[in-house]
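Only one chain is included here, represented as structure tokens and corresponding to the form predicted on its own.
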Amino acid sequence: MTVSPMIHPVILCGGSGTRLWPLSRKSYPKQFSRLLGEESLFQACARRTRGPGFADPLIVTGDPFRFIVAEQLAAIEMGAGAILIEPEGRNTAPAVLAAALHLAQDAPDALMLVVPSDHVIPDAAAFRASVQAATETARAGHLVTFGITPSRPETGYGYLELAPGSSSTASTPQPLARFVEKPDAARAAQMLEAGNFLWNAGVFLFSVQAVLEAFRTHAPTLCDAVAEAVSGARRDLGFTRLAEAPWRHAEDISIDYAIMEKTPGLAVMPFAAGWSDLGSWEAVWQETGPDAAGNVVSSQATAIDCRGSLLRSEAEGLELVGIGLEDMIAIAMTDAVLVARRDDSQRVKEAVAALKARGAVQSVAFPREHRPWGWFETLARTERFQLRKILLQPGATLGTQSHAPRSATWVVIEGQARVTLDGAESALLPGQSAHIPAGRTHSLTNPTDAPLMLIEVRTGTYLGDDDVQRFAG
């Protein structure tokens, strides 16, 4: 009996985090946020690609996101086949090629399902069924792209034109005529009326060997750089770091431009069960489901005499109130607030660019920063004072270290801490504290199987994290 090759999901997990600012930022793109429901877009994507015939996903991400990826997978009790770390973002073609070369080492006969981590597909079962329906075509050596049945004359998406005689409602892959760039409004309306155009979802299915052959044929220079980066990869705390020097020589190019638009015999799998790239706050408003007045309101927001508006408070203890608003967006964070007309939601990138030009850290940095041991969030800061909330995961340790220019006080809020100061250990329970004078050797451990939450108060002449002197043990 012939055993069909497993489908290996390849989840692309990078992004600049500008379109849904201030909730999404360069240091914490939208796929990690709980925009719709209790799970992040990344977690929903990982769940969507789990089932019979699917292997554990291979994640391609950047160094700043590696611990977030691992933490969010663990939270939904999922593992990864591998987590590849890109030294820097180089677009989708190098990322997909690196994944294919990595899979070729252990699963050369596999099928690759390439999916962005930040899309919304409500019907996961329908998506898996659609993928299964495309496997025979992919096993035959065709590159399959997935096309979404358009619901409006959208100008923000690229399109896929089906070949003559193909059906946009077929349940099997159809021949693809060509890729179409993002159209203007008039052209988008024409394509919608024609009925033989689908939105380009950026989702692909192909065999490892077929996509490698396509890269060798149409992007040989890219192959050389990425192959060297993969062969020179090194293991680091359960991650696989691609070699930095050759990766820098890889062309910054999308998979569409690198190979898909150049490869003959492409197929498109129509998908009509619902999809969004959640590319703007307008899209979030649509996908969340406005109430009878057209409003979408978070649990810490209140709408009074508002219509067609999105009100979200993302800061614990911060209440957002809108009065008499119409077709507005208001997003409140601990360190930034966005207010805009709903039809201007695509202009959020302009706000990010303006903040970046001013040197505002809010343009790129998220208030919460993740580490191997947990995370910390800055609550307040002046030149000589910083207030942080810190979470240590069960069993985690902040290693032995010292800080010459600053002192710190730790106050336990939840859990139990073990503090070591100059070799002397002490246990702290909720409400208890420890003071760490400047220059003193110290470490912090969570010795329990529950999270440890504490408040850290820093004072001194320098408050950055790069002043640390680390010690063994």
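The model shown is predicted, which means the values in this text are computed figures rather than measured ones. Here the rigid core means the biggest group of C-alpha atoms that line up within 1.5 Å when the two forms are laid on top of each other. Residue numbers run from 1 along the displayed sequence.
The same protein also has a form predicted in complex with another copy of the chain, omitted here; what follows describes it.
Proximity of A93, A225 and Y257 to another copy of the chain in the model of the complex is absent: no residue of the three has a non-hydrogen atom within 4.5 angstroms. A residue is said to contact a partner when one of its heavy atoms sits within 4.5 Å of a partner heavy atom; E414 meets this definition for another copy of the chain in the model of the complex.
Using a 4.5 angstroms limit between non-hydrogen atoms, G147 is distant from another copy of the chain in the model of the complex. In the model of the complex, another copy of the chain lies within 4.5 Å of some heavy atom of R341. Another copy of the chain in the model of the complex is not approached by S16, whose heavy atoms all lie more than 4.5 angstroms from it. A heavy atom within 4.5 Å of another copy of the chain in the model of the complex is found for one listed residue only; from E261, E136, D305, E193, this is D305.
A heavy atom within 4.5 Å of another copy of the chain in the model of the complex is found for one listed residue only; from T240, T334, Q209, S276, this is T334.
Heavy atoms within 4.5 Å of another copy of the chain in the model of the complex map, among the stretches 164-172, 79-87, 343-351, 121-129, onto 343-351 alone. Contact annotation for 354-376: residues with any non-hydrogen atom within 4.5 angstroms of another copy of the chain in the model of the complex are A354, L355, R358, A360, Q362, listed in sequence order. L428: CA moves 2 Å or more between the shown form and the other one after rigid-core fitting.
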